[in-house]
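Read the single chain below, which is given as structure tokens and is the form predicted on its own.
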């Protein structure tokens, strides 16, 4: 990666195999950006502990997630892939940055409030409240210029920008102020409703690794236009999540789908069958690539080892600059 490229830090919590929402909201964007930017891809295993203290499955979940990243087209020779927990500088910078923001500011963060509500968390831990500060450390440690995120993560990036400004004003310019980089299709609805995003916790996903028959089975459960009860009833594609899937995965046929839905010529069962088949076709190369990495787990572990080695170099350079600016020696 050349030094004149802008740097991108992007990552995910290791929850195991990924779903269509991850593909649409992140992976497609990551793949498209890796030739233009200097990308770093973070496995946020410390972040996973903010909402689930059980760490027994983190390593295997990380491997499963990395396999999906690679199968989707992430090139580890261009974009180092690494675990947050294996780069000790993340925690060191997190500690320093935590001095630069008030508890009141963190309590106002809407993203954490939404997460607490969605996961029905009764008592917010110190670590969960400070999650955006650790995220700021993740971004700033690699001096990220851009952060590809969904719209729900923009408040976290704004906190990172505030912390970078505060550090630079207090100690001297070390960090860029990272900008959020939204994707066109930032969110994909879950199968249970157009207003709910696809998520494992919601149980409304299609996994990238699902075979065609499983995609068909899951799509049959998808919620459609409540006013279209029978096949010949006129439909309203704008309120139907299945049409949203057509817009993303079957764009060439959306005009005909919309026309036939509105006229009543196309029933919901057939509409679901068509898009499930199309999704299966789109994911066929992914499944083939994934099968290769499933059969060669040593290759995946080598990708992690190499990515972590390269990430440490960047992280150490940043912390030397931080300590120098702070006169810590």
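Because the structure is a prediction, the values reported are computed rather than measured. Residue numbers count along the first chain shown, from 1.
FYI, the form predicted together with a small molecule isn't displayed, but the following is about it.
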Within 4.5 Å of the small molecule in the predicted complex, heavy atom basis, the matching stretch of 101-109, 211-219, 237-245, 142-150 is 142-150
Assert contact residue (the small molecule, in the predicted complex, non-hydrogen atom within 4.5 Å, options 33, 44, 266, 58) equals 44
Note: exactly one of 24, 321, 315, 12 sits with a heavy atom within 4.5 Å of the small molecule in the predicted complex, namely 12
>> Can you tell me if residue 167 lies within 4.5 angstroms of the small molecule in the predicted complex, counting non-hydrogen atoms only?
In response: no
Taking heavy atoms only, is residue 205 within 4.5 angstroms of the small molecule in the predicted complex? no
Any chance residue 224 has a heavy atom within 4.5 Å of the small molecule in the predicted complex?
no
Should residue 135 be classed as touching the small molecule in the predicted complex when contacts are defined as heavy atoms within 4.5 Å?
-> yes
